[in-house]
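Single chain ahead, by itself, as structure tokens, in the form predicted on its own.
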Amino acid sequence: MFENGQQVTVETADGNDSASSFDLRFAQVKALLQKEFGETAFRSWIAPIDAVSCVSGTLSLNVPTRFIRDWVKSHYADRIRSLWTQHFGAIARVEIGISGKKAAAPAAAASGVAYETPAIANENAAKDASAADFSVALDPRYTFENFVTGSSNEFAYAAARKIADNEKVSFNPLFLQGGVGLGKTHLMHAIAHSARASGRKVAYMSAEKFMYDFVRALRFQDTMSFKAKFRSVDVLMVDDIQFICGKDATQEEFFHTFNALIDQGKQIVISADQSPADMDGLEERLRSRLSMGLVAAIHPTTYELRLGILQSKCAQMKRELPQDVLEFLAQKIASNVRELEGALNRLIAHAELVNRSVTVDTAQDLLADLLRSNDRRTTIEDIQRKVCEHYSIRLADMHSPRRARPVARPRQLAMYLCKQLTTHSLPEIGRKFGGRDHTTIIHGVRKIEELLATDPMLRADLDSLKKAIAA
């Protein structure tokens, strides 16, 4: 079999050469990597990998560019070797070549933006600086009209509305802070919709996309157009800024972009799951800049707010559910708005498919898994707290760079428990441990796995902690 002009061969575990079997096996490895590292990392770095051969203990792979090769080599090659060895037989090394076929740049893969070659990027640099917009697509559902306010979010809503209405405000930046599914992204999209409608040029993106665009500019030696593009906007909006914690070069560029826009009187809106003061891995000068404006916290929803959201959602969908069912949902699903809306959608779909009205008993049956999850959901913060209590260390030690064993070993055990007891991806866990890279989490998990095989005291600690977390 030939692929990309090269013959593909494989030595399978049973000794028979089979290109189709080889392709299938590597597809299984990629699926495992996708589950382990998350969808964004998979689309950006793992999906472009082509399997070439597995001969004499060497797994040969191809990627489209040198940049992707270097990234895969440093971040994923060891894990690929480990997974192949674990499932299909031992290999000594992984070699990564460059196929030269055209592929999307990492930023494009992550965001859906069309890839530009260096020549096209240079040609369009001037256009970028004056284009009407260059941010990611906005969700048409996320408007101010569809945002239900209550005591937990009215302050953030009022601040967002002032910026959207182009009123002169005394705060810059606006920093929206709150947990997952509480409405930060909804408010960000609502601001962007309104600002665009008023003729202002808006750049809205995740911090991850900002970093990928910056990396692409470095790769193509085109940082000048990158700077011009971001400095030409009227409103810069960056979601999940905690993603750049610990990434010094990206923080440096964002710091200069921030200062340039503030000096020009342009508006900046930021969101994160923590306040600037609580973020580990954030440079002090950037922390100071982010704190200089207004930090507006979005708190967990109240029962009344959740009920209002459900009623508003039903009105938008032109669907009706009995009031006692809506009250049941508002009472039982308190984790976040996304799960609340998901539960409502599930009940409405059931009613339409089976042509039967929904009762509280029906809701209990249909949402049993979700209700159990909300009755007791283990969070990363829960695990960190219990581990700190068990080992008599500070919660700050979970986020700090300290490597002393009395701190490092409990931190690794907490990482291990997070991997075992939560559904969070490795990058998500890493962000909760001071912005650590996912490879650090993998190392911590493997270290604990090794020690559990030989250390009965650690096994006893683990059992005790699992009981405490489940209590």
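Note that this is a predicted model, so its numbers are computed, not measured. The first residue of the sequence shown is number 1, and the count goes up from there.
Heads up, the form predicted together with adenosine-5'-diphosphate (ADP) isn't pictured, but that's what we're talking about next.
Comment: 182 to 190 is the region of 392 to 400, 247 to 255, 223 to 231, 182 to 190 lying near adenosine-5'-diphosphate (ADP) in the predicted complex, near meaning a non-hydrogen atom within 4.5 Å.
This chain appears without its partner; in the predicted complex, the one residue of Arg356, Arg285, Arg338, His87 with a heavy atom within 4.5 Å of adenosine-5'-diphosphate (ADP) is Arg338. When you look in the predicted complex, the only residue of Ser275, Ser99, Asn146, Thr302 with a non-hydrogen atom within 4.5 Å of adenosine-5'-diphosphate (ADP) is Asn146. Residue contact with adenosine-5'-diphosphate (ADP) in the predicted complex: Phe243 places no heavy atom within 4.5 Å of it. The closest heavy atom approach of Ala363 to adenosine-5'-diphosphate (ADP) in the predicted complex falls outside 4.5 Å. Contact between Trp71 and adenosine-5'-diphosphate (ADP) in the predicted complex is not found at the 4.5 Å heavy atom cutoff. Shown alone here, Lys313 lies within 4.5 Å of adenosine-5'-diphosphate (ADP) in the predicted complex, counting heavy atoms only.
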